[in-house]
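Take a look at this single chain, the form predicted on its own, given in structure tokens.
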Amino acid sequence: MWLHRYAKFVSAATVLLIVAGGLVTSTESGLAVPDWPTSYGWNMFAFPMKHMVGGIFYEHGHRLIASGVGFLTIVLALWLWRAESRKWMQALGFAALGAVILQGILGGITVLFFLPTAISTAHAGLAQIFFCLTISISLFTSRSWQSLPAGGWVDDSMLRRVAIATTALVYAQILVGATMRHSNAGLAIPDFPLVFGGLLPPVWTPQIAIHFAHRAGALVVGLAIAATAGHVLYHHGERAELRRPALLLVCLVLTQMTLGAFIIWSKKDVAINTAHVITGALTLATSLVLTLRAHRVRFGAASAADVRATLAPALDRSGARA
């Protein structure tokens, strides 16, 4: 139980890290500290707090939070290695550790090479993968995952396929959005819901194309989430472990679309822009949780002790009636 709580804490810290990264991009502070791994020649952890002003506050603060999350991930990986009997869980812990190390390196490269779009987008994409790893570890270490629910686990091949497709589409949409942000295409189409007053751009440039792709992708993701949530509510509405993330997913995607509109209307307000980033991450995480729960039946049985504990009341009643 303590391992599960710690894994949730790491996930929460990762949310804070994504917020910090979103603020760096939203405030255009990516080069406020131009060197790496030092900060203006100082050791990162010895940089004077009095100099953390303006863009330096966001960029150097992001580095400090990232270092903290890296340390937390080291502890998580070692804890899983020592406490977990499931070998794949041990591997998942070290995968998270490898991802956060690579993420730090990519972050440094983006600074040293002056924020190239490809590397900056890879940095954003890997951040989402790392977040998903921490969310998965939190789920896999939970009591609900390891115990047999009443009625058994849901076995629905259609739900599994739809949920996987939805999660993949959400991640692809995040990558397109990251490309748009890091190529300064956030206002390439300055109006919404119309496009230069019409339905399609009258002219095409790389920035307009990536911006329009992001808008089209939002529609595709919205339809995919509607299909997934609709399937859950129609076929498994009584199953809280599926119903709750499905409803949350609908709320998140509606919030995300609203924030996207307000980014245009507010001309990329920093708070709205950053909220859009974190809501996208939460949408991906929620879709992943729903997908993993839909696949629970394929992960094998819970431990024998958990199964016996779950079935004991029913067995006792049967014995009493006999």
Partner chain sequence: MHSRLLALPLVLAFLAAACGGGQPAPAPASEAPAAAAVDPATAATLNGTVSFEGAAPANVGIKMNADPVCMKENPTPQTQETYMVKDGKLANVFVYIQDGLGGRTFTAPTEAVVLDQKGCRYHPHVFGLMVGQPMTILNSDPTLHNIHAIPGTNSEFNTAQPIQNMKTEHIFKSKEEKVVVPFKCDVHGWMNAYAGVLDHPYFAVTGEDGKFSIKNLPPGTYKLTAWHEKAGTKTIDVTVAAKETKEDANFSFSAPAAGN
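Note that the structure is predicted; figures quoted are calculated from it, not measured. Residue numbers count along the first chain shown, from 1.
Unshown form predicted together with the partner chain; subsequent notes refer to it.
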**Study point:** One stretch from 206 to 214, 109 to 117, 80 to 88, 137 to 145 that, in the predicted complex, holds residues within 4.5 Å of the partner chain by heavy atom
**Key:** 109 to 117
Check your understanding: Should G68 be classed as touching the partner chain in the predicted complex when contacts are defined as heavy atoms within 4.5 Å?
Key -> no
Exercise for review: Although the partner chain is absent from this view, report whether A46 comes within 4.5 Å of it in the predicted complex, heavy atoms only.
Suggested key: no
Exercise for review: Determine whether any heavy atom of E28 comes within 4.5 Å of a heavy atom of the partner chain in the predicted complex, and answer yes or no.
Suggested key: yes
Practice item. Determine whether any heavy atom of V270 comes within 4.5 Å of a heavy atom of the partner chain in the predicted complex, and answer yes or no. Key: no
Review point. Which one, L254, I56, V297, A261, lies within 4.5 Å of the partner chain in the predicted complex by heavy atoms?
Key: I56
Point to revise | Sequence-ordered residues of 32 to 60 touching the partner chain in the predicted complex, heavy atom within 4.5 Å | key: A32, P34, W36, P37, Y40, W42, F47, H51, V53, G54, G55, I56
